[in-house]
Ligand code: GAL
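A lone chain, given as structure tokens: the form predicted on its own.
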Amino acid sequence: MASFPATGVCYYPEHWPQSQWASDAKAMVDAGISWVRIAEFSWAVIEPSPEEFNWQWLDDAVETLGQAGLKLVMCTPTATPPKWLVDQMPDMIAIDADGNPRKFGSRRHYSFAHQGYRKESQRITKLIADRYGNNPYVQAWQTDNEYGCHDTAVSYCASALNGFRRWLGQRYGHIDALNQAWGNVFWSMNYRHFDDIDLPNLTVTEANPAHALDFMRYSSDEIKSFNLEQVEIIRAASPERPISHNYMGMFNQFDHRIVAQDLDIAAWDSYPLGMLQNMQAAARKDAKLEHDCLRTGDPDFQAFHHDLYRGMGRLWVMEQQPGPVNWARHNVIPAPGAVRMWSWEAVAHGAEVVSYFRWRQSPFAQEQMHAGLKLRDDSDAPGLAEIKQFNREIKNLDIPQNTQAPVALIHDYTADWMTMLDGQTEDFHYLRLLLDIYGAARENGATVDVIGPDDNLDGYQLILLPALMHVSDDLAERLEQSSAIILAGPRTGAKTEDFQLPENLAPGPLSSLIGATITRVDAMPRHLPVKMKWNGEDCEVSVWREEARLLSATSDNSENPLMTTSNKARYLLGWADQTTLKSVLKSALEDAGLTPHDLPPYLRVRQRGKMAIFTNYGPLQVDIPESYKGEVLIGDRKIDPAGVAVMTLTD
């Protein structure tokens, strides 16, 4: 059995009188909190002027928190370089796609490509790592904060231009190879030298998508190398302490997997209510979901990201929403019980630590309307009681280790970029499609791993790969050799690595496995669906539809079949309505030898070994289906809105 998960909190001692720190620390421990994250925005407090340091406050904070029995996550403060540094090197500022500088006065105002800033980042990281690397209270690290937040993963500055040209030279070797890969014969876009190439912004119309894709790849590599510089410094000064970065939800501007290769912990910041609103702006708006789950969040959004990041390392939730936030279009109060439910959802998906943002509501600046666990007057905010309850519950259970799920969904950042750059319809949203299919599997009670295209496929019974735009020959071979049922489409294998159409048409190297090729696509407005056939019945398809030439596959005997079937592979020819997707996934699970469960609306379940954790995101009380047999450890078989039940299954 695994030891119970832990809870944490984000704390900013520099915001509060030092006389308050000890009582804050005691209150955290009394609430059952074990971890505290500090210092991620503290550079100007540590170094108020160049080479003028003020370490005493941070030394005292570490000592006060640690003496109280708390373990610390120490952060590098490079997300907020101070004003004096910007004044020293004004060209370190990032430039947006319209050519405007990202000015000082907020955060994340640097370019990853600026070598002068990189040296300063390494300098402050080394100073902090050397000072606290062997401190017994510092038990983990976080690099920077939310790479790319506020559209800062990409900068169109001179440093990025020079770096991009060098990167292209290394990738292609000769300019003729680049011209061929990008298809630059089109519109006479051929280049004579790598130094002729500009960044893909401010063009008359859209830039060559292959050019834009390579710039995203380059920018992602810059984030990886920036992060690795900090990791290497911390590892040398603080051996055997895990290093994390806190990623975000619904974020695609860099490849998180290549960054995670250099880290131990894949943390993320979970804000269910704001993310529900953001996702409703993507692809197909679901007014009923937004209404019913306004105060609980999308029942699959958090789960998907837990599984996504757990596939990259040890899963932590570094920031968990504890109450209303301040940055969404509307900032509602969570439903009673929702904070506890989100915490249980994280544990269900393998989180080692659930850390809440933040300890006390800030009285000033940009986030003063963002809730904490304490109000401004130091009284308890409502979320704190739910966290105390959650801490009591997890400490009284032996929670099994996570094991490999029977179902895998393949997610790929390059596929996300390709669908965004493809230009065929503004209504296609890669993550929304993946969430719909992931959600359809969960509506059938399935436990799912989210993996990358290079990950091991052994042991999976069902593999899902929607919109995997580029399929490598290696992945195609591994899918052919897999014993799993394959459910692909739409848009799978639609492009080559160089962002060209496959010579043998989509799905490219999967054509023989799928037994069909795609001959035409219909990119539709999301509010004007069309009819297709699934199991002889009409279903609605919106945003994207495809027409296929059958090779060895079969399909519904109609003009508009939703699916082709060939041996172990099925291919969805359109983005079907959610009711149909649930039926499609039920059939695929059965074909894979798995048992679907008919869950009530908004009820979700995830298994850890023989333990099943149920969460009810809906507005009504629901029953756990009778198909689940076992002992209820927490809660009841009737689950209230925003409620949780934990069972040990007997079969």
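Numbers for residues come from their place in the sequence shown, where the first is 1. Keep in mind that this is a model prediction, so the values were computed, not measured.
Separately, the form predicted in complex with the ligand exists; it is not shown, and the next lines address it.
Visitor: Can you work out whether the ligand is within 4.5 angstroms of a heavy atom in all three of Y156, K224 and D255 in the predicted bound form?
Guide: Verified in the predicted bound form; spot residues all out of contact, no.
Visitor: Using heavy atoms only and a 4.5 Å cut-off, determine which of R107, R241, R432, R295 is in contact with the ligand in the predicted bound form.
Guide: Answer to the contact question: R107.
Visitor: Of W534, F164, W344, Y271, which one comes within 4.5 Å of the ligand in the predicted bound form, counting heavy atoms only?
Guide: None of the others qualify; the residue that does is Y271.
Visitor: Which of these stretches, 535-543, 507-515, 263-271, 553-561, has heavy atoms within 4.5 Å of the ligand in the predicted bound form?
Guide: It is 263-271 that comes within 4.5 Å of the partner.
Visitor: Would N246 sit within 4.5 Å of the ligand in the predicted bound form, counting heavy atoms only?
Guide: Flag for N246 set to yes.
Visitor: Does any heavy atom of F41 come within 4.5 Å of a heavy atom of the ligand in the predicted bound form?
Guide: Although the ligand is absent here, F41 would touch it in the predicted bound form, with heavy atoms inside 4.5 Å.
Visitor: Mark W417 yes when one of its heavy atoms lies within 4.5 Å of a heavy atom of the ligand in the predicted bound form, and no otherwise.
Guide: Looking in the predicted bound form, residue contacts with the ligand do not include W417, since no heavy atom lies within 4.5 Å.
Visitor: I'd like to check something about H370: if you look in the predicted bound form, is any of its heavy atoms closer than or equal to 4.5 Å to a heavy atom of the ligand?
Guide: Yes, H370 sits close enough to the ligand in the predicted bound form that at least one of its heavy atoms falls within 4.5 Å.
Visitor: If you look in the predicted bound form, which residues in 342-357 sit within 4.5 Å of the ligand (heavy atoms)?
Guide: Result: F357 alone.
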